[in-house]
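Here we start with a single chain on its own, the form predicted on its own, put down as structure tokens.
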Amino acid sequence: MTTPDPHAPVQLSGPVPFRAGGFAPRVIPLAGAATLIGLIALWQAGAMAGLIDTLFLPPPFAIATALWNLAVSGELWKHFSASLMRLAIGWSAGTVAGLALGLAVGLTTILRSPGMAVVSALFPIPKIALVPLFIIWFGIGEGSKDITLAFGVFFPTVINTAAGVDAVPRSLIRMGQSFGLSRAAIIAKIVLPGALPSILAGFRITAAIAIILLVAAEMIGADRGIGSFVLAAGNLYDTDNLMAGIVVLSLMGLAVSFVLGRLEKRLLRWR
């Protein structure tokens, strides 16, 4: 009886099944759209069957009618344009300042500890609680609202940017140094592209934070804007218009998320 050679290659009796296809979920847009349409249909059916009190939760058809009336009268654009302008100014200002400090904290030793100390101390403060203080400091006009949004966006942007810089593999930076690249070239060609996924992920978070703070600021001190419109409708128990305003805020968030998603695909094609 011969002893099998342990070093001999293993003979396979058939093809080996492919096992590396997991952990790669695909996006199916039709499934998402069908889910939303189904939920809206159930909501409408529940209201028509009397299972949902339409005084407290109006059906989708009533909300759509309210949105149409607001759009035709021009009232919707008046409030939406004011909110959109505040969102653009506040988010942009907070993002630019946050990127600047985040990169400085991630790239320089002298600013790292002082910068993160200030961010760690101020970031946990609820920004909504600061709205009255900003109104006292900057007045009830647009300045206080823009500062509120910028302040809320600034700190998460700093944290995500610094974390993205720290996550860049140091081996890539050393390789760039060994090839004689300048500091500016290493930052532009290695650090920034490597930190970009974390920065763009932070944009999604800060966009949601900015919308929340926008509504809060407009509810406290504004005569135009979706937040003030929702507050006025709630005070009058006008639930149709109240839900219409909430739908507009939801659509605004979806639009911002779509734009950021397209930006990610364009900027992160190298992945």
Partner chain sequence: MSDFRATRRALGSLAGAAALAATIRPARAATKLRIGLLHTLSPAPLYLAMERGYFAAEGLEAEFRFFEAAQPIAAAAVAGDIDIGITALTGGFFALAGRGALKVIAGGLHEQKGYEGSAVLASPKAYEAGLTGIDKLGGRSFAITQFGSSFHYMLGRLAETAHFDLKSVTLRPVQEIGNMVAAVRSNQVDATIAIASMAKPLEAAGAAKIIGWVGDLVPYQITAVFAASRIISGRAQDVGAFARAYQRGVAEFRAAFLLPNPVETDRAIADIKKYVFTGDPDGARKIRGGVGWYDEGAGLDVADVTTQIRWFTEQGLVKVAVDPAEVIDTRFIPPLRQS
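What you see is a predicted model, and the numbers here were worked out from it, not measured in a lab. Residue numbers count along the first chain shown, from 1.
Missing here is the form predicted in complex with its partner chain; even so, the following discussion is about that form.
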Task: its partner chain contact in the predicted bound form: N235, any heavy atom under 4.5 Å - done: yes
TODO: Examine L55 and determine whether its closest non-hydrogen atom to its partner chain in the predicted bound form is within 4.5 angstroms.
DONE: yes
Task: Partner proximity in the predicted bound form: P124 to its partner chain, non-hydrogen atom cutoff 4.5 Å - done: no
Open item on the list: I63 versus its partner chain, in the predicted bound form: is there a non-hydrogen atom within 4.5 Å?
Closed with: no
Task: Stretch in contact, per heavy atom within 4.5 angstroms of its partner chain in the predicted bound form, of 132-140, 91-99, 155-163, 105-113 - done: 132-140
- [ ] Answer yes or no: in the predicted bound form, does its partner chain come within 4.5 Å of a heavy atom in every one of G221, L231 and T239?
- [x] yes
Task: Partner contacts for 156-189, taking its partner chain in the predicted bound form and a 4.5 Å heavy atom cut-off - done: none
